[in-house]
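Below you will find one chain, with nothing else, as structure tokens; this is the form predicted alone, and questions on how it binds or moves follow later.
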């Protein structure tokens, strides 16, 4: 069963057509890409994440999804500093360091769409006041945002 209904898919397709500037590659890291699954891995969340990204990527030729197993592609996971799954690495003209861990469903689905658009544009919608605060930081910062399903 599709995650998106036809009406929602069409709205997103139009939004992507209007707002995506450059291509975006989504690297999806899963517990494994085939074969044996380790005990304790939550395959249901991984499969939902895979399905969501597949459907989103079908809405624009500027979005590409690549799948990697955390263990079977350890070199790629290490390159992008991925240690937990499911994880999505967003790549635009460059790697902006944007990662999403978990299932981008519910209210977080909008976060997925907005992040794809921001990475495609090469910039996020950040106020000038926030830019000033960030520019004044004495060193690079590692920012993590945690959400819970509602």
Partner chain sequence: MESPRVTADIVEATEFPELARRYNVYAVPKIVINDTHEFVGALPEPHFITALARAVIGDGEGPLEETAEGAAEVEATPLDSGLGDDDV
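Here the structure is a predicted model, which is why all the values come from computation and not from measurement. Take the two forms, superpose them, and find the largest set of C-alpha atoms that agree within 1.5 Å; that set is the rigid core. Numbering follows the first chain given and starts at 1.
The same protein has a further form, the form predicted together with its partner chain, not shown here; the description that follows concerns it.
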- Message: Residue-level contact is defined here as any heavy atom of the residue lying within 4.5 Å of its partner chain in the model of the complex; does residue 141 satisfy this criterion?
- Response: yes
- residue 99: heavy atom within 4.5 Å of its partner chain in the model of the complex? yes
- Message: Using a 4.5 angstroms cut-off on non-hydrogen atoms, would residue 56 count as touching its partner chain in the model of the complex?
- Response: no
- Hey, in the model of the complex, is residue 115 touching its partner chain, heavy atoms inside 4.5 Å? yes
- Query: Looking at its partner chain in the model of the complex, do all three of 22, 23 and 27 come within 4.5 Å of it through at least one heavy atom?
  - Reply: no
- Quick one: name the residues from 124-144 with any non-hydrogen atom within 4.5 angstroms of its partner chain in the model of the complex. 124, 125, 126, 127, 130, 131, 133, 134, 137, 138, 139, 140, 141, 142, 143, 144
- Message: If the two forms are fitted on the core, does residue 140 show a Cα displacement reaching 2 angstroms between this form and the one not shown?
- Response: no
- Query: For residue 131, is the CA shift between this form and the one not shown at least 2 Å following rigid-core superposition?
  - Reply: yes
